[in-house]
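Here you get one chain, nothing else, as structure tokens; it is the form predicted alone.
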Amino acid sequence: MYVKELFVDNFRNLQKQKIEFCKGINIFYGLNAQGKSNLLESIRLLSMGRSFRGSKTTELIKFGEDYFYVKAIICQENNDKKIEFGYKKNENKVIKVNGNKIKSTSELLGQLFTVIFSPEDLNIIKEGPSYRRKYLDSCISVVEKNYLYNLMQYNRILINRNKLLKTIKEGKSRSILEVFDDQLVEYGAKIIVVRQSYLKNVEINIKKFLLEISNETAEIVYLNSVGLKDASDKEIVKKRLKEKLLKNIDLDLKYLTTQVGPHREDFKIIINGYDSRVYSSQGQQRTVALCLKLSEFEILKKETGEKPILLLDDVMSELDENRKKYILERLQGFQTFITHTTKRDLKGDCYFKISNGVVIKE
């Protein structure tokens, strides 16, 4: 799988244009704020249906315009696939695959496999649990068909349960709470079991990569909400989650929020026996983030049977020569997009200069 060509119109600061890419390593260079990251963002949008920067769809429109449109031709097993994403202010998004309109962005998952690595990914290591949950859910949603549906159902029930807690505190009956608990347990257990399995695969890969890059040891600790070392048995997880919900009902009523469940979970990446979030240096954390992304890449390749496209947004300047060399060696045979301020110290198959939103192939 690779992106053959991209057409952009009114997307961020990018000028209206069509760009043809190489199958291998594509280097995009230029000064800051010229549109390098925007180009990668447009590709990622066609893969995941949203901005990797967390921007709203309206914020992707070029200043002074009222719409944007992005289209890519994807080559997959010698067949071309067309993916389109358009949006006009005050109207619904229009997403098409091979000319057929799809109903939601969730249907876009699996059409174009990408892995993005940007400086902001350091937050997965450095910041609080919500960053790691969001990252984990995003990764799993691409490789597990029903995961996103189960997650959406769980969150819907969670919102309703929290509303019910307020009415119970105001004096209404608790009897209906059991119905919500049973539903929450059913979907929650499915989420926990899949997270356990995915993180085991992440651990296998991170151990390998970190040993090769810096000769350090790694371990993943899944802090699941049921307190189990191994949360792979759905029925056991369901039983424990139900017990936890019953035990915490007084706290739930006190704070009017559900205190136990997948929405409160976290995972730790242990390097050389220490929590990388707390004890690792900035350089170590950057290496851990890199290994996490390489692991995502490997799992995606294994689970889908496709070669994912790697998007490296302004990260090469943060890495030493050893790590740069390691990445470029691992990426042989895969399509890769790298943004950088200069082309001097990077070896690629194609080079593109970006200036004022114009992409020029050299």
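One rule holds for the numbers: they count along the sequence shown, beginning at 1. The structure displayed is predicted, hence computed values, not measured ones.
If you look for the form predicted together with a small molecule, you will not find it shown, but the lines that follow are about it.
Picking from 323-331, 30-38, 304-312, 291-299 the stretch near the small molecule in the model of the complex, with a 4.5 Å limit on heavy atoms, gives 30-38.
None of the heavy atoms of residue 15 is located within 4.5 Å of the small molecule in the model of the complex. When contacts are judged by a 4.5 Å heavy atom cut-off, residue 61 counts as touching the small molecule in the model of the complex.
Although the partner is absent here, residue 53 lies within 4.5 Å of the small molecule in the model of the complex, judged by heavy atoms.
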